[in-house]
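First, one chain by itself in structure tokens, the form predicted on its own.
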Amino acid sequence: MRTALTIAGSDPTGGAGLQVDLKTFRSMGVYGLSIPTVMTAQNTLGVYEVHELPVDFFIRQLDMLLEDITPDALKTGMIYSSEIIEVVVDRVREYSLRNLVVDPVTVSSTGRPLIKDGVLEVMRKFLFPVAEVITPNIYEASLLTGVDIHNEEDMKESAKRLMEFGPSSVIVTGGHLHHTAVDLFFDGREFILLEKEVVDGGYHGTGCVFSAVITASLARGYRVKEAFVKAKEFVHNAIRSARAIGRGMKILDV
């Protein structure tokens, strides 16, 4: 059986973080492995507290897993500290891990910062160069590149700049342009734009689910371009059938 590893934060609602990654992996027919980077106190209304796990314990978890199992693909989500990034990069190289998907989580849907100061620079310098693909949303892409994104050309410019940090390919998600939801793929040679109609409402964990579908697809042997198409369709359908289980954002149906 193909396996995929998520290295991400824990979300008690199950709508984002490693919990929704695991559910998405299962929906994609891939066995999910998981290592938490942080614990959070959150619900569908917002993130209220972040508790960072000791780096030594994170290292112990990762080493014990990789000594036994080599995942076919892996993704990173919320990485709170530079130290964790450095460990991940070291293990990717040491164990020759393939198909790394980096979802550069920076803030919650309600605006709470989810990384420490200085993490973005370490992410750009060390994590992006070992990634098969990075999947920032337009806010994260703007933060990483300094490009204010208002249209498709801005998305393309941000993708070009993101490629300069060293990933094999870039997907910029979440552009609401011309009343449609636009996602952009770029591998240094060609741009691919996919559009779907915007579904009104607030939805929890869309970026996590999108990157998890990419990861599971790579684990199953698909190329990034094919995984991109699958992720766009999967997330759109999951949004359309999302459920309101609390008083805030809806949870995607995965």
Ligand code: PXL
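Sequential numbering from 1, following the sequence displayed. What you see is a predicted model, and the numbers here were worked out from it, not measured in a lab.
One more form of this protein, predicted together with this ligand, exists but is not displayed; see below.
For the marked spot (6, 30 and 71), a heavy atom within 4.5 Å of this ligand in the predicted complex is absent from each of the three residues. Stretch 37 to 45 is the answer when you ask which of 37 to 45, 215 to 223, 190 to 198, 51 to 59 has residues with heavy atoms within 4.5 Å of this ligand in the predicted complex. In the predicted complex, at least one heavy atom of residue 10 sits within 4.5 Å of this ligand. Among residues of the shown chain, residue 162 is not one whose heavy atoms approach this ligand to within 4.5 Å in the predicted complex.
Though the partner is left out of this view, residue 133 does not reach within 4.5 Å of this ligand in the predicted complex, counting heavy atoms only. Using a 4.5 angstroms threshold between heavy atoms, residue 171 stays clear of this ligand in the predicted complex. Taking a 4.5 Å heavy atom cutoff to this ligand in the predicted complex, the contact residue among 105, 184, 89, 138 is 105.
With the partner omitted here, the residue from 84, 127, 100, 78 that has a non-hydrogen atom within 4.5 angstroms of this ligand in the predicted complex is 78.
Of the residues in 224 to 249, none comes within 4.5 Å of this ligand in the predicted complex through any heavy atom.
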